[in-house]
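Shown here is one chain on its own, the form predicted on its own, set out as structure tokens.
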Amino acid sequence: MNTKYEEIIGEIQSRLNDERLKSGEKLPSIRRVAKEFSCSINTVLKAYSELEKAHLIYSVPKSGYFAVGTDKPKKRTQMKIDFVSAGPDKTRMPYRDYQHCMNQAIELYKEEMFQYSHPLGLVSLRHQLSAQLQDLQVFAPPERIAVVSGSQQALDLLISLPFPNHKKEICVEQPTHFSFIDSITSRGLKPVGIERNQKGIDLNYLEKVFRERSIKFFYTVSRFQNPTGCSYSNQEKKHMVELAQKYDVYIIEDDYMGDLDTRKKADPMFAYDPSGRVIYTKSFSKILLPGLRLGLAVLPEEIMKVFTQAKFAADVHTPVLTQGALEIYLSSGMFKAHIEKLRRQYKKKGTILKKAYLEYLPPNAAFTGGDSGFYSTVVLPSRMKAKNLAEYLKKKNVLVQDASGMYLPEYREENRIRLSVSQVDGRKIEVGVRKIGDGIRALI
């Protein structure tokens, strides 16, 4: 559970965001808040101090605390419910902790910042990542870990690199996230798509593709996939690895949401792969600070040389300062504490979302995922266009994503919307889903 101190900060931020607390307005007194949250006055003072440091409030001696004002009066508009933005919750990001880590990294790596570093990352960080990955059942020596500028960089490089199986085609789940679609289409490739939905994928069809096509690798997001929000069972993961080994196909397992998985016995595909057939990638964007652009790839030995060359050609190396700060953040235990908070928060939002789906969506609509609080899709009645529903809902101050652009052109479906509740106040999720359900009924 969140501490009282964190609850107070979250509540004041929420009131500022939805303008229950307006610019220049006085905040509740220290004693009043202490009584409301059943905590000590010192706890409230600590929370108000942090809000003041973040420049959200200011204090006036003998008068109290006030919301930070602006020179320009705010235009009164109805607050939008934004299911499109899929970044981490801004109110839960560890800005202050990471600032301390950045300052320490400057002191620790001040000499290294003025010279080139290893293309695959700081050796000390790679050792730390090797230890950290064990919590996710990924056991890999530091020598096989590459630090990259977001997992997307690793994926983009791997698309173009030659693989030991000397094959050329790529198999990819449909739908999948925009950035991977862009990487493929920008190179003029025509990959093989395979449908993924709430039931998983057709493993018999996957075997047929592996057997009959020259598949270089199969790209999959094994947990909380974007956009469906679905995860594979351990049995499905094991079966896919066995197929890859049988037909000489590599798997790129993009596990950038794996840290949010609360299922203790859920393993990545990498755990079922003693042969080096699974390439494991992970990002810190969705769980830490997206602007840092930090990720990793665990690579088989036979690909290390060509990947190192490609990484060097792309950007020489990922910035030393951000690498050093991540190493300190991991080794200090801050990351582990941060993840525990995020898991609870997003799981709670996911529970609210799924309950709202069951209550407000019409019978001829279906939904996928939602468990992580990050991604989910709503499958609309077959003749309804997601684009039309998105435009209709925008007028009702609800923003949703038309998911048609998350398909390769030849596999496109136009009756799906994607939702993310990662940045939506939990109290607004039900309101937004009710409006979505009403919108579907209105457009049928």
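Counting begins at 1, following the sequence as shown. The structure presented is a predicted model; accordingly, all values stated were derived computationally and were not measured.
What comes next is about the form predicted in complex with a small molecule, which is not displayed.
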property	result
Interface segment, criterion being heavy atoms within 4.5 Å of the small molecule in the model of the complex, picked from 132-140, 118-126, 151-159, 191-199	151-159
One residue of Y346, Y219, F367, F335 in contact with the small molecule, assessed in the model of the complex (non-hydrogen atom, 4.5 angstroms)	Y219
T228, S283, T318, S372 - the one with a heavy atom within 4.5 Å of the small molecule in the model of the complex	S283
Close approach of Y357 to the small molecule in the model of the complex, 4.5 Å, heavy atom	no
K237, heavy atom within 4.5 angstroms of the small molecule in the model of the complex	no
Exercise: R293 in contact with the small molecule in the model of the complex, heavy atom 4.5 Å	yes
Contact of Y256 with the small molecule in the model of the complex (heavy atom, 4.5 Å)	yes
